[in-house]
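Have a look below at one chain only, the form predicted alone, in structure tokens format.
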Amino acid sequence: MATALQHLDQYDPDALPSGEGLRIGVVTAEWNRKITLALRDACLQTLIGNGVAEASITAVQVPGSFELPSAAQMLLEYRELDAVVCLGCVIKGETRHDEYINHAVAQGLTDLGLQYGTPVIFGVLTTEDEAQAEDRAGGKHGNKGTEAAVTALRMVGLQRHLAAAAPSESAASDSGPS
């Protein structure tokens, strides 16, 4: 769905799983800093506002969006986290660099989430121009940082729900043929 048809920071807080006890990593690209810091601030505010303790958030910065997957992997390797939110902004320029960066970042973050079994959230703006980025970093379309935080909480909630509903190994082995 196109962002123009929705507001990025509208969500039902009553339908959102609590962030209490969660440990979340937040990786923010420094390139397009004005935009990415607005994304980060909204993300952190949303996480904390929904019960994630500030001390349970590991926030790091990287030079650009291309480095988001590497930093996310480092966090997953060296911290015990329930999710990692990656925030960046790639604005189309005169060359096709944006296509290469966006594809590589999306694939890298997807691969990490599957490899580690931990939600790795793609909170990267991929816009035609700076005005579109500003509209999605607290402007008329809301803030993608809020949306990314909400996505992290929902995905961790889903993971925990499915894990709790899964049959235990001992119950599965007890019910098998003798």
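So that there is no doubt, residue numbering starts at 1 and follows the sequence shown. Note that the structure is a prediction, hence the values are computed from the model and not measured.
The same protein also has a form predicted in complex with a small molecule, omitted here; what follows describes it.
Asker: Using a 4.5 Å heavy atom cut-off, which stretch among 107 to 115, 44 to 52, 143 to 151, 66 to 74 contacts the small molecule in the model of the complex?
Answerer: It is the stretch 66 to 74.
Asker: Is residue 32 close to the small molecule in the model of the complex, meaning a heavy atom pair under 4.5 Å apart or at it?
Answerer: Flag for residue 32 set to yes.
Asker: Determine whether any heavy atom of residue 103 comes within 4.5 Å of a heavy atom of the small molecule in the model of the complex, and answer yes or no.
Answerer: No, no contact at 4.5 Å.
Asker: Is there a heavy atom of residue 97 lying 4.5 Å or less from a heavy atom of the small molecule in the model of the complex?
Answerer: The answer is yes: residue 97 has a heavy atom within 4.5 Å of the small molecule.
Asker: Check whether residue 90 has any heavy atom within 4.5 Å of a heavy atom of the small molecule in the model of the complex, and answer yes or no.
Answerer: Contact check for residue 90: yes, within 4.5 Å of the small molecule in the model of the complex.
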